[in-house]
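Take a look at this one chain, the form predicted alone, written out in structure tokens.
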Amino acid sequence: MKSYIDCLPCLLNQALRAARAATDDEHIHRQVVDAVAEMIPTFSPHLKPPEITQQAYRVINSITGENDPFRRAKVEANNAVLAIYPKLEKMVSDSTDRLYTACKLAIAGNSIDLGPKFDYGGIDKLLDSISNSVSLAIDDYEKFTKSLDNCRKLLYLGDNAGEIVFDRLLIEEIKRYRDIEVYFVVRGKPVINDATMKDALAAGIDKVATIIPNGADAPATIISRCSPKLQTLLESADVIISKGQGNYEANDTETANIFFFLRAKCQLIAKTLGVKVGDYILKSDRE
């Protein structure tokens, strides 16, 4: 998905939040915002939102001297969801369709995102909304299960810290549904609150999947720009789960057997998908 003019004020807001997370120095906050604002006229209209964010964060890191400003927030998010993991497992085991419930929980986990300005109300409110039978605005679950029936290798494009604990639960249920080889892709370097190898290990993803860094610092795994090793893995995967808005923005035009799991967290994405802001999405890339 190309970037739109609506993405630019969002980028400036992100830059300010990252600068404030990195330092209390208001002079540096101003430097960051000015520098990112100066970059905006240079962006090609063909760049995807994660690509312009990638360029902005390189400048933010250079000015602040902090390459992982949301480090503490990521640890706290992982710990908060790990603390309620038994409750999540019970929600799944008590449901009439374990896999479907795990899918909904994984999408709910996508709420934990420090990129877009989206307030989900915290972990407790999130669980309340799920327990009240949240429906999917786009529901390709039947296509998803049919794809799993013939799947031997699944590639899971992870997104944010905290969220990945929900992903762990979904992977456990996928493996309960069918014995599938799962590879979990994380960011190669820190960006926003996106999960890296360190975050994935802390969340216990290594217990259910093989973790692979994508080698990049964009807030998405951009399939067309992956390393040759990861490209080979992508080509051999029978099913790809793409988590989050950034991965959707990066890969919405790809032709692989991709299922997008996300919440629509801004008006632009909601309009593109024909849903409302906050809606839950499980979308196949195949009509």
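No experiment lies behind these values; they were computed from the predicted model shown. Throughout, we count residues from 1 along the sequence that is shown.
In what follows, reference is made to the form predicted in complex with another copy of the chain, a form of this protein that is not presented.
Student: Among 63, 256, 233, 40, which has at least one heavy atom within 4.5 Å of another copy of the chain in the model of the complex?
Tutor: The residue in contact is 40.
Student: Find out whether any non-hydrogen atom of residue 58 is located within 4.5 angstroms of another copy of the chain in the model of the complex, and reply yes or no.
Tutor: Residue 58: no, not in contact with another copy of the chain in the model of the complex.
Student: Hey, in the model of the complex, does residue 274 get a heavy atom within 4.5 angstroms of another copy of the chain?
Tutor: Heavy-atom contact with another copy of the chain at 4.5 Å: absent for residue 274.
Student: Is there a heavy atom of residue 228 no more than 4.5 Å from a heavy atom of another copy of the chain in the model of the complex?
Tutor: No.
Student: My question is simply whether residue 1 lines the interface with another copy of the chain in the model of the complex - judged by any non-hydrogen atom within 4.5 Å.
Tutor: No, residue 1 stays farther than 4.5 Å from another copy of the chain in the model of the complex.
Student: I have 89, 91 and 105 flagged as a candidate spot, so tell me whether each of them has a non-hydrogen atom within 4.5 Å of another copy of the chain in the model of the complex.
Tutor: Judged in the model of the complex, none of 89, 91 and 105 sits within 4.5 Å of another copy of the chain.
Student: Residues in which of 241-249, 23-31, 216-224, 66-74 have heavy atoms within 4.5 Å of another copy of the chain in the model of the complex?
Tutor: After filtering at 4.5 Å, what remains is 23-31.
Student: Taking only heavy atoms into account, state which residues of 223-242 are within 4.5 Å of another copy of the chain in the model of the complex, ordered by sequence.
Tutor: Heavy-atom contacts within 4.5 Å come from no residue here.
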